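First, one chain by itself: the form predicted alone, in C-alpha cells.
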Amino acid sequence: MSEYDVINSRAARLDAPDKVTGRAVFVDDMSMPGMLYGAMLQSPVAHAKILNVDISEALKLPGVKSVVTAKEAGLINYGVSPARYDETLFCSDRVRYVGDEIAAVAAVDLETAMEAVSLIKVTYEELPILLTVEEAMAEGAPQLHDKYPGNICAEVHQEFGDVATAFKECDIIKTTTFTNKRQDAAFIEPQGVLANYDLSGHLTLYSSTQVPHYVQRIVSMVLGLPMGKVRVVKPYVGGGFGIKAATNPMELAACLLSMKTRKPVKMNYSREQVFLFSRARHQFVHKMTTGVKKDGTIVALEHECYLDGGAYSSFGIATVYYAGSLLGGPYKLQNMKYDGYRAYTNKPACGAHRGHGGVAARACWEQQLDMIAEELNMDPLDFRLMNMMETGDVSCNDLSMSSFGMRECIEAIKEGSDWKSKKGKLPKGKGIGMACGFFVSGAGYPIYRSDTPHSTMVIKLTEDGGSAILYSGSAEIGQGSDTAFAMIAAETIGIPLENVRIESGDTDFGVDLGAYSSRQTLMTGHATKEAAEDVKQQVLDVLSKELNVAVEEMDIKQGRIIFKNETPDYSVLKTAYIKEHRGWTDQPEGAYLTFNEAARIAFLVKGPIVGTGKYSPPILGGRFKGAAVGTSPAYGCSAMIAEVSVDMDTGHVTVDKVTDAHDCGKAINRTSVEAQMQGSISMGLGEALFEEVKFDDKGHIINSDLAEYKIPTILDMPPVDAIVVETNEPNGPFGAKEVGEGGIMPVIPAILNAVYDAIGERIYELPMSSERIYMALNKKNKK
C-alpha cells in the first residue's frame, strides 16, 4: 500500500479531456478582431552576398499593411547563448543557408501576404557553399562568420586524469568511429505565433514554444521593449522535443509587424519551413578509443568529435560540451580525454534535440563496450555491472550521483527479457542487444548568467476554500508536467487532485526557464512543493490561533484536518463559520473539519491565501572550463534490451520487443513515466533505422515533408515492457527526477547491438537502413 494519497499513482492527464474532444486551443485555432496574416521571404540560395532588396512592388499590392527588412528591424544580434549571439532577425549583407530570413510581410489575408513576398526582389552574388565539416574546416575555406575563423563555432578540449599513462596499463585498447545523420524532430504541430501590440504599448505574443521566459527576454532585447511590457503565452503545443526551446525568427517578425501596424499578426511555419528552421539533431562523427584491463575494468576513454552545426550557433556550444561530458557516467571512469569541434556550414542550424548532445555519443560508446565485452568473453550485462557507478559516487568530471539505480535497471531488464535463455542462443537473423543511458535532471545553470530562480510557483486558494489554483510560467508541451505539478500540490497540501487546477505557460505568472534538459519535474516540482507547503502552513497557522491548538498537533490528509490528539471544540472558532455553514447549534459527535472549511476560515481571518515557491540549484560541478555544462542536481539512468529480426536477403530490420527500465527517483504519475519511456523508444527507433534529413549539392533539403522524411508509426512500434525503477532522489520533490530525455539514450545502441547479434556485422553509420545492412551482409559474404 502506498504511503502517498495522490502521487506515485496513475492519474488521468488534466489536459486529456480538451485534447480528445478537440477543445484544446493551439495557436492555429486562435484569431483576433482585425487580425493580419504574416509571411516570410527566405533565401533560395545557401550562400550569397545580398546586393539589394527592393520591396517597392510588394508595398503597392492592395491589402499589404507592412513590409519589414533588416532596415526596419535593425541589426541586434541574438541567439541562445550570449557567448554566441550570431543571428539577426533579417539578413542585411549575406545569407548563409537556404531558408535564411530576408523580409516579412503583413497583409489582410495569407494569400496576399504570400503574393507580396513573391514580389520582393533580391539581388544576390552567390558565394561558395560549404555542406560538410570537412569543407568548412579545410584550409582556405570561405568564412561564414568573420568572428569565428576556420568556421569553428566552438571547440572543447578537456582531460580528466592521465589518459596516455592509463592506456599503458590496459590489456585491450579498442578504437571505433561512428556517424549519425541530421534529424528533424517531426513534431505534429508546426511552430505558430500570434502577436498583438496593443494601444497602450504592451506586446502579447502567443507562441508554440517550450520556453516562454527565454522568448520574452529575446523579444524584449531585439525589439527594444522593457520586459515588463512583453508577455509571452504558450497555448497548447503539439510537440517540441527541444526545437521549440529558443526564440525563432517568426516570433520576432510577427511582433515587429504588429508594432508597425498596431494590429494583431498571425504567422505559421509550413512543414517545409519547419525543416528549414531545423534546430534539431546535429550530424556527429565520433571517434572513441577505450582501454580496459583483462579483468574487465574500464580504465580510459579518448574521444574526438565533429559536429555539423549549420549556419548559426543555436544551442551548439552546449551540444559540443554535452557530447563529451555525458560520458562521465554511468561507469566508473577515472581517465577521460575529449576534443570536440562544432563547425559552421551552409545548412540550417542544429540545436537541442531530445537527449541533447548525448545520443550519438552514447550509441558509439555503448556499441564499443559490447565489442570489448565480446573480446573479453564476458556477458555485456555483467561487464557493465562490474564497472557501474553507485549512489554517492562522483565522476571524473565532477558529476555527483545523489541517487543512482542503474544496477537495479540492469537486473530488471535481465529478468524481464529472459536474457540468459536468449543471448547467444538465437537463430540466424534474430538478435538481442542491450545498452545503458545517462542524462541530466535539469541543467544546473541557466542559458544566460543570472541569479533569477530557475522556477517559481504561486498557489492561490479560492475564497470558498474549494480549490487550489497553481500559476506557473512552466511549459506543458505534451509531457504531462501540468498534471505532475497538480499532483505534487495536492499531495503536499493534503487535498484530492480534483481540488487542484493549474494555469501555466504565461510569463505573467512568474519565471520558469521552460521545458528543456528534463528539468521541470525536479525544478518546477520543487517550487510547487514549496508553494504548497506555504499555503498549508498559512491555513494551519490560522486554525492554530482560532482553536488554540499547536500547529504541530495538526495535519491535512485527504481533504480533512487531522488532529494528533483530541478533536478540539469547533464552537470556539471566532468566525462562527461552522455554525453558519453547517447549521450546528452544538458540535455533534464525530464532527470533523474539512480543508474547504479551514481554508474558508483562513480567508475570512487574513484575506487571500497565496503561497509562493521558487527553485534554484545549488552550486554544482568543478571549476574547469565548461564545468557548467553537464552539471545537474540529479541524474537519471536507464537500461534497455532490444530484440530484433533481420531479413537476411533484404536487410530489413524489425524490432520485435523492447524491455526498458528507467530510474526516475520517484514516479509522480506512473502512467506518464511509462509514456515518456515509450516516446523515447519511438523516437530512438526512428533515428536508428530510417530518419535522415537529406540535401542536394546546392544546400536544398530534398525530403522536407513527412511523406519523404520517414518517422515511426504505431505499426513500427514493438511491444514495450516499461519497468519503473525508484531510488528516491534527495534533491527532487518527493524523491523524483527525470524521465523525459534520458530514456532515448540506450535505444539506438541497444538496437545496434541486437542487429550485430542477428547478422554478425557491426554497423557504424546511421540510419541502419535496409540498404546499409544489405551492403554489410554482402561484404560479409564476400569475406
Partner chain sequence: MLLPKFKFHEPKTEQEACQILTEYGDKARPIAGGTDLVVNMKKKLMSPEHVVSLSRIASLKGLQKENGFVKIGACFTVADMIEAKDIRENVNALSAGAAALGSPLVRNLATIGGNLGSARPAADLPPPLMAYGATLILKSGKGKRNIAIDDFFKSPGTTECRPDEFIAEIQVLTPPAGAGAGYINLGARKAQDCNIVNVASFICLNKSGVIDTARVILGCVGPVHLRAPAAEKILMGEKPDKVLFRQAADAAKTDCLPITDFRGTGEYKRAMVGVLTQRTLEIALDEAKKNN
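Keep in mind the model is a prediction, meaning the values are calculated, not measured. Residue numbers count along the first chain shown, from 1.
Unshown form predicted in complex with the partner chain; subsequent notes refer to it.
In the predicted bound form, Ala12 stays away from the partner chain, with no heavy atom inside 4.5 Å. When the partner chain is considered in the predicted bound form, Thr713 lines it closely, a heavy atom lying within 4.5 Å. Interface residue remark: Asp647 is counted as part of the site for the partner chain in the predicted bound form, having a heavy atom within 4.5 Å. Interface residue remark: Thr452 is not counted as part of the site for the partner chain in the predicted bound form, having no heavy atom within 4.5 Å. The partner is absent here; in the predicted bound form, the one residue of Glu126, Glu708, Asp198, Asp93 having a heavy atom within 4.5 Å of the partner chain is Glu708. Checked against the partner chain in the predicted bound form, the candidates Ile173, Met114, Ala164, Ile188 yield a single residue with a heavy atom inside 4.5 Å, and that residue is Met114.
From the list 334-342, 560-568, 118-126, 265-273, the contact stretch for the partner chain in the predicted bound form under a 4.5 Å heavy atom rule is 265-273.
Looking at 667-692, the one residue that comes within 4.5 Å of the partner chain in the predicted bound form, counting any heavy atom, is Phe690.
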